[in-house]
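A lone chain, given as structure tokens: the form predicted on its own.
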Amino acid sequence: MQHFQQSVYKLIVETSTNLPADVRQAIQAAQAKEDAGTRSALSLSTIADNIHMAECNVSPICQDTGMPTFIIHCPVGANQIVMKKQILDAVAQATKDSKLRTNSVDSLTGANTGDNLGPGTPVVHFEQWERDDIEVKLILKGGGCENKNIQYSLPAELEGLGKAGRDLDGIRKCIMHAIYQAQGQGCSAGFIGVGIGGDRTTGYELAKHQLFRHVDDVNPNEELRKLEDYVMANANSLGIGTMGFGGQVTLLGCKVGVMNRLPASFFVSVAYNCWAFRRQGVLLDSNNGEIKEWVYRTGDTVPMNTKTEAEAAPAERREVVLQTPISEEQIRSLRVGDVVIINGMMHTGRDALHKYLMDHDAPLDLNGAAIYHCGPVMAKDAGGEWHVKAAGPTTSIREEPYQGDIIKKFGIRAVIGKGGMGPKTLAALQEHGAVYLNAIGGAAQYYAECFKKVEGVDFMEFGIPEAMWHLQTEGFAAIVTMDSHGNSLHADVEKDSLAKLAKFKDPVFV
């Protein structure tokens, strides 16, 4: 199969850069439902722009290209050893070409392999079937939504819902709770795959397999079909909305599968996937490895509508332009809901940098600075100059143990990320005069265009995603969701959605 490796490479590029048609249709349906001019409507408009830009630029839709997970069906007698080697080579080449972010790190040392290869990376599952063709499916599920996966062991007591028993109604409660607990940290509006039964390992595997189903398919199991329909009819009433900003659309798809279990165990496993639902597949000729057809309709068959009512009829909102370094007076004037446009120098910083800065000095003066929770995809040109290829925000809550102390220590004025932060950070914003800005999760192409020049980089020993990049920025837009006066949109939406979750406490499937 002389073309197998190149076909897998094409699959990786397509999956990373071009959402399939069924996902695009779900996002467009969400745009139609959302109230014009709201924060969620504006976010969906940005998401639509980003999808279009990624397709045109052939660059990652989201900078976090996750753990590449392949599921291959092949004929009896196919050489799986050779196929796996060629899959690894294709992953390494796609990483070198900036179609995948360098995401494989040593679990003990934190060292980045630089090519997405290493023990357990990528994930490759083979299964034989009685057909002549080879099917290769791929899902790229980022760490932000992967961290919102959740597994329940029934019976269980669930916040807001009470007891979930070992029955269909208990399963229903688990699914509703899973959507609530994700809030905006998984880049909602999202998709979920649910696995009922199995053991702890196979339950999660079944849940992730549900994400390979088409968004508009119908479950052949009548009880599960009713459950999926129920979740889709009721989940959006939680009011979590896009990015957790509040709104009409929180969930874009729900797929449920079931397998047998041990009498002593009853697991409900939920795989949460962000709006950037990157999964695709190809059917290959087993003689030469060439692509015969795509498993899902490709994205260019459904152009994104990037002009929406959100732009035509904006609600009243304040827009503030800030030049770094930013003064405390400027920060104190901001309120939750303000749109902030940042120009000037911006610095990226994720987990490794925040941990380092707790006990060390920064490599430059951060007084009045803007820190961006971002692990970008970077590429170096022939002249040795770095360029930003994809640069959306990462989930900020991971920095909660550090952020307040670092704001105080260095005089940082703006923290940018997604999903919001907790009470320790909120208190530091209020005490020291800083603000949290929520960028649109997954909008990696939209934000990459805001970075006009890479001025430098520190801590490359942490790996490209974790290094501290110093970026000249122009027109970077984000929304104030935590201000210096003790207000947090994230806390408000979580409190409101918990109250709404309680409406689903009474039995439905009896």
Ligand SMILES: O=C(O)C[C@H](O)C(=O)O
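So that there is no doubt, residue numbering starts at 1 and follows the sequence shown. Here the structure is a predicted model, which is why all the values come from computation and not from measurement.
In what follows, reference is made to the form predicted together with the named molecule, a form of this protein that is not presented.
From the list 83-91, 281-289, 388-396, 113-121, the contact stretch for the named molecule in the predicted bound form under a 4.5 Å heavy atom rule is 388-396. Using a 4.5 Å cutoff between non-hydrogen atoms, Lys255 does not count as a contact of the named molecule in the predicted bound form. Contact annotation: Gln445 falls outside 4.5 Å of the named molecule in the predicted bound form, judged by heavy atom distances. Though the partner is left out of this view, Pro363 does not reach within 4.5 Å of the named molecule in the predicted bound form, counting heavy atoms only.
Interface residue remark: Gly411 is not counted as part of the site for the named molecule in the predicted bound form, having no heavy atom within 4.5 Å. For the options Gly375, Gly419, Gly247, Gly195, the residue carrying a heavy atom within 4.5 angstroms of the named molecule in the predicted bound form is Gly375.
This chain is drawn without the named molecule; in the predicted bound form, the residue among Gly143, Pro303, Gly433, Pro401 with a heavy atom within 4.5 Å of it is Gly143. Contacts between stretch 340-363 and the named molecule, counted in the predicted bound form as any heavy atom lying within 4.5 Å, involve Arg350 alone.
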